[in-house]
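Taking the form predicted alone, here's one chain by itself in structure tokens.
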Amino acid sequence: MDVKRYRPIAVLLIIIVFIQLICTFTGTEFFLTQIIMAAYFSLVILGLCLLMGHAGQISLGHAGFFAIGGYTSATLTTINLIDIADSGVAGFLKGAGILFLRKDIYGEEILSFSPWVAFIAALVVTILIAFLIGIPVLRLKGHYLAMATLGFGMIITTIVRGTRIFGEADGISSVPAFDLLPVLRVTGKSIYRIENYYIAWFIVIIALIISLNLINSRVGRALRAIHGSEEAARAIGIDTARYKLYTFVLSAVFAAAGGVFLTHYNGGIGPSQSSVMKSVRYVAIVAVGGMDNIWGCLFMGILLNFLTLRGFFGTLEEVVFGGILIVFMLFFPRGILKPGMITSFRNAIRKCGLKLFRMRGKSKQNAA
């Protein structure tokens, strides 16, 4: 096992704990709410980093996968099956933990699916849709691929806004908490804020470890070859279609998982989560962080989403992210946080130090 690969994760854990302690002791724990939400959004960013930065495939429809995950879980956990509660099938499903009985905000009983069942169903639905979409779409390249994925995202938005079971323009509310364990639950209640802060980061770190292992494996090398030249990769025997499809599906699963957890944390989801501008925002963040830099994408994902959630950009949010995407695609195609940037900066400092040392040595010789 390459220990060096996981050292940055240890540093990240220290920073996570440090931020929580600072917020607690300064009485600003409300900042943790936006950090939690930004962490779930960053799952989409990590998936896009793999797809765009390493496989070289652009997607403007990942907000659609985020919405698929959120809406599937929200629908299954809020649907009321109380009319069949007395049937033998319902009794069996309740005993198996698939259905559970709870009370809504008005005190009425609701029989719906368990959040764990809804989570698994959301991932399965996402995988199926990603395969069905990816097989034909990933045959396209460049702006044709971008337009195709953009069309997919628009279709998802239209469906959720026009379907009654998805709440139409109002979305779905009263989504119950997600009990991961008897003592851990994903919920937006303030008394669980610190607990949810660590839950969110635990999920992000799992996705981060998966991404790092993938990047540094045979698959990662194949993806980099595809990114460099798909024709050359195919010529040396790499199954480019399969690798692109699997990466597309994995990135979609990351997005759907983020949608599920954020939906349970917020207690609802609306059609805005599947909008085109959401997809543009994700792509812009990946562009800023450096498409092939997993750490840069994660950092910029947390930072820019946090600023957005705090209302830092105000009504100019869409303008800001659209402008960021244009500027960075034109002038900084590899982002501002390039891989090896810290090493390059350190080497530059060393070179400056050596030059300064030599200049001082020469001045002393001349003085003597």
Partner chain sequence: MLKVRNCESGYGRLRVLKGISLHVSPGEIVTIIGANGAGKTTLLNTIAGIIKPGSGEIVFHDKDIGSLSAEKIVALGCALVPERRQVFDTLTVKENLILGAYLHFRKKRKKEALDELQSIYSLFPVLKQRESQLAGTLSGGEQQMLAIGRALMAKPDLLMMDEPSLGIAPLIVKTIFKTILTLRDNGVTILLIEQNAKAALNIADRGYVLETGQVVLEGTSRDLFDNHDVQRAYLGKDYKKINE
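Residue numbers count along the first chain shown, from 1. Bear in mind the structure is a predicted one, so any value in this text is a computation, not a measurement.
There is another form of the same protein, the form predicted in complex with the partner chain; it is not shown, and what comes next is about it.
- Not displayed here, the partner chain is approached by residue 235 to within 4.5 Å at the level of heavy atoms in the predicted bound form.
- For the chain shown alone, residue 229 is a contact residue for the partner chain in the predicted bound form, at least one non-hydrogen atom being within 4.5 angstroms.
- Residue contact with the partner chain in the predicted bound form: residue 143 places no heavy atom within 4.5 Å of it.
- The closest non-hydrogen atom of residue 104 lies beyond 4.5 Å of the partner chain in the predicted bound form.
- Among 195, 239, 168, 179, the residue placing a heavy atom within 4.5 Å of the partner chain in the predicted bound form is 239.
- Scanning 210, 79, 277, 225 against the partner chain in the predicted bound form with a 4.5 Å heavy atom cut-off leaves one residue, 225.
- In plain terms, the part of the chain that comes close to the partner chain in the predicted bound form, with a heavy atom within 4.5 Å, is 216 to 224 out of 294 to 302, 119 to 127, 171 to 179, 216 to 224.
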